[in-house]
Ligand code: NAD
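Here's a solo chain for you in structure tokens, the form predicted alone.
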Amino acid sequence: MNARIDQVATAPQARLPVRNPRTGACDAFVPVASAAEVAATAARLRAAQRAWARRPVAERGAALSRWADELAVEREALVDALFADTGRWGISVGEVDGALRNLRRWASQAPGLVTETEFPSALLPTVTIRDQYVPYPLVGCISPWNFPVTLSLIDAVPALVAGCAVIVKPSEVTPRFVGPLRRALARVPELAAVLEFVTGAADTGRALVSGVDAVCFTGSVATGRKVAEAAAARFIPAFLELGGKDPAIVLASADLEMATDVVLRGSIANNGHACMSLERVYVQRPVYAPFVERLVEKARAVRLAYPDPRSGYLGPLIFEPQARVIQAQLDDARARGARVLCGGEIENLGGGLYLRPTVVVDVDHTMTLLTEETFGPVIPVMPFDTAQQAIDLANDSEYGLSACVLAGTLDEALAVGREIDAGGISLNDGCMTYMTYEGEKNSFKYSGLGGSRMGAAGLRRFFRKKALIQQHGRAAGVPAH
């Protein structure tokens, strides 16, 4: 299926409107792939996968490198498409450039990570065991709206270099990048034979899960649970990267200038539309007041990227329903006694919805602002007395994606970080899991399921490992009685 993003209707196929977050207008349409179209796409990809898997891994990597070169040709169109869907300019540029780096990184690293070995049995002297890595024939990837290109490719690329065919369903909220991405893909025919994008909403996603051999999903816990249940019914693996409610712990020994910089950046980058955003801040009581004072001062200085999208830091909230979630959490917090020290009001500017950095105090864990994912530039700050109390507060959550600890020394931060139930802990920095891909990590609690998408495991999870057990001597017979 060759779905296109059209500015006007061109076919009777079912379509969904696409909203521009800067204007609030629905100015494009995305075709909806039916279950039959998804099945036909899956069949075509499967037919090409065996030949793709037989290629040496270096050759598969070379095809990905050529695709990166072709994507570079489409760079301006990709940035424009992301900007139209997300309303952010600088982050869209960085996202496209990061995707090119990621393609080239996997292309260069993969040959060293896929090495089959042979070794002698420790129990049977005439037996050796040989590894074989068998890729899943068809991997399905369902990606969210907050980083459209990055999260459409973060699982697809290592799966492709592993030898899988891949079908991707991007979010219907931010799908315009598919057009320029597919144009570049068409110029690398060996890769186009094993990679396709299908667009649509929940029904398209369900059809995808029903037709693949492994599924990768990035999104909410509620939808992730449905994906996991559907995958379990088919006995296929599900790799889930779900929500977060990431805590930051600021110890009294921390450099407050650095700590307020980290917390502000980690809480409002991409409008807080990131699973690893810092959404709960715990500050040791002796430095609580000066920390809050300096944080509010810095938060008030952040400018909206309006009316000029290339000037200022915060663009519009991408997904209109998310604005209602954020507002409901702020309303609940206020009703329970919280105070908003800056920000706190969603503004309609030119049809787009904007929220300035919002610092909230007098908060506690009875409030949804401290317990449910916010996905917005909101910074609730709560004091604590002892390091153990901070650890207990950080772990008092259904989520366990990542966290950060800020302290006077790395040793002090490390001692606390070891006790936090989360997969990626940044020490004396924040949100480092999106800056480096080397550290393998697993999601804790309801933040996800399955192998790490980081490090070498990000590639190896797309293989089933086969043991070829070789008898070099005489095979045993039936013993005499």
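Residue positions are given as counts along the sequence shown, with the first one as 1. These figures come from a predicted structure and were not determined experimentally.
Keep in mind that the form predicted together with the named molecule is not shown, yet the notes after this line are about it.
Colleague: Is it true that 251, 291 and 298, all three, sit within 4.5 Å of the named molecule in the predicted bound form, judged by heavy atoms?
Modeller: Result no, not one residue of the spot touches the named molecule.
Colleague: Okay, which stretch from 231-239, 107-115, 186-194, 164-172 lines the named molecule in the predicted bound form, with non-hydrogen atoms inside 4.5 Å?
Modeller: Of the options, only 164-172 has residues within 4.5 Å of the partner.
Colleague: Could you tell me which one of 243, 357, 352, 247 places a heavy atom within 4.5 Å of the named molecule in the predicted bound form?
Modeller: Contact check passes for 243.
Colleague: Only one of 313, 133, 145, 282 has a non-hydrogen atom within 4.5 angstroms of the named molecule in the predicted bound form; which is it?
Modeller: Here the answer is residue option 145.
Colleague: Would residue 219 show up as a contact with the named molecule in the predicted bound form if we use heavy atoms at 4.5 Å?
Modeller: Heavy-atom contact with the named molecule at 4.5 Å: present for residue 219.
Colleague: Going by a heavy atom distance of 4.5 Å, is residue 202 a contact of the named molecule in the predicted bound form?
Modeller: It does: once the named molecule is placed as it appears in the predicted bound form, residue 202 has a heavy atom within 4.5 Å of it.
Colleague: Looking in the predicted bound form, any heavy atom of residue 139 within 4.5 Å of the named molecule?
Modeller: The answer is no: residue 139 has no heavy atom within 4.5 Å of the named molecule.
Colleague: Please determine whether residue 226 contacts the named molecule in the predicted bound form, using a 4.5 Å cut-off between heavy atoms.
Modeller: Residue 226: contacts the named molecule in the predicted bound form.
Colleague: Within 396-423, which residues have a heavy atom closer than or equal to 4.5 Å from the named molecule in the predicted bound form?
Modeller: Residue within 4.5 Å: 401 only.
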